[in-house]
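A lone chain, given as structure tokens: the form predicted on its own.
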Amino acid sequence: MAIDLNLLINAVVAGLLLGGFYAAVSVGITISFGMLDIANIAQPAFILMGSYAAYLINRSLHLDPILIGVVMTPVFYVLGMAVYRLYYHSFERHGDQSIQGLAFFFGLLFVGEVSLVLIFGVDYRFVEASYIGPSLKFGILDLPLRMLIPCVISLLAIGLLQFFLSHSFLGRAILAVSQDGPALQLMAANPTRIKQAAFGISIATSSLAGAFLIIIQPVEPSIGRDYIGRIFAICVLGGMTSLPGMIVASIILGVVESITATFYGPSWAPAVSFGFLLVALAWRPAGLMGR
């Protein structure tokens, strides 16, 4: 089969933009699962809460969805800390972090989805912004702004988060807490409070990712299920604790899915991308940037 070069180039570019969005969706699970060893499968529910928050405020106040996502991060941060406190007192304090903890987050996922259905119904919801429709054209390249702007802002936000983790005491404590909690106590740091702050950050990223999601496509309450497998796959492929690795994994997955969807149909994209994940992990079990 002859391959249209222009179509291939645009598929690769679309995959790069999609990868930027996947990075925004996956950063929270990289923190909670990779750094804290908390398998928060309810992360997509919090992302959708961010989407619906953007929808409500955009419709009522006509504010930019991305601005709404940024403004809502403190609210989601407090929500994340509250969820971790409940998880800690119910499970982690007693050493029940496996099946019971997984059931806890599955319950949160179910409750979150059902709550959104009861409040908003099952109809698709969307936001309005001046950049959702137009595209930038450079020769044969077609760059839809609804993908380009979230991608750029996502990478900038993750860069700021990486700087925070690398250059602040709290950030370095978050990186260390899952490796050696008692050592942190010797430095007068409370591992539980460090994990609470880190989990709050992981949920806070959901508001921004949710705003990106509803910009890229209309949403309905069950759409979050499509991302559960992807975000864990990206986290593992990136090396669990590495945000740069997570970005690389997101871009690889985005490009693979985009090329597959372009030439073989969208239904093949998830199967091919996860097949690629298995091959990559067989070649490098620790992930692309794992230690």
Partner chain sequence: MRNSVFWLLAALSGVAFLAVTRALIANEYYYFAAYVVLQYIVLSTGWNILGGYTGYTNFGTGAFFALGAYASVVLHKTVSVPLPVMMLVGGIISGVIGLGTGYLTLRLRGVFFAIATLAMAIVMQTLIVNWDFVGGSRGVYIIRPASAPIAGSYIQYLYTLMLVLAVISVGIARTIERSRLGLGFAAIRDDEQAAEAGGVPTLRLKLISTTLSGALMGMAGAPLPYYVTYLDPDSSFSLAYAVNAVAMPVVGGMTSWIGPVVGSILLGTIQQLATVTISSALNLLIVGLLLIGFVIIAPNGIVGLVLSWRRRARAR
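Numbering follows the first chain given and starts at 1. Between two forms, the rigid core is defined as the largest C-alpha subset superposing within 1.5 Å. Note that the structure is predicted; figures quoted are calculated from it, not measured.
FYI, the form predicted together with the partner chain isn't displayed, but the following is about it.
240 is the sole member of 56, 240, 261, 63 with a non-hydrogen atom within 4.5 Å of the partner chain in the model of the complex. 111 is the sole member of 82, 156, 111, 136 with a non-hydrogen atom within 4.5 Å of the partner chain in the model of the complex. For the three marked residues, 41, 86 and 104, a heavy atom of each sits within 4.5 Å of the partner chain in the model of the complex. Stretch 115-123 is the contacting one of 163-171, 199-207, 146-154, 115-123, since its residues have non-hydrogen atoms within 4.5 Å of the partner chain in the model of the complex. At a distance threshold of 4.5 angstroms between non-hydrogen atoms, residue 12 is out of contact with the partner chain in the model of the complex.
With a 4.5 Å cutoff on heavy atoms, residue 52 does not count as touching the partner chain in the model of the complex; it lies far away. Put simply, residue 141 is far from the partner chain in the model of the complex: not one heavy atom of it is within 4.5 Å. Contact annotation: residue 99 falls within 4.5 Å of the partner chain in the model of the complex, judged by heavy atom distances.
Contact annotation for 219-239: residues with any non-hydrogen atom within 4.5 angstroms of the partner chain in the model of the complex are 225, 228, 232, 236, listed in sequence order. The two forms, fitted on the rigid core, differ between the shown form and the other one by less than 2 Å at the CA of residue 16. With the core held fixed between the shown form and the other one, residue 25 has its Cα displaced by under 2 Å.
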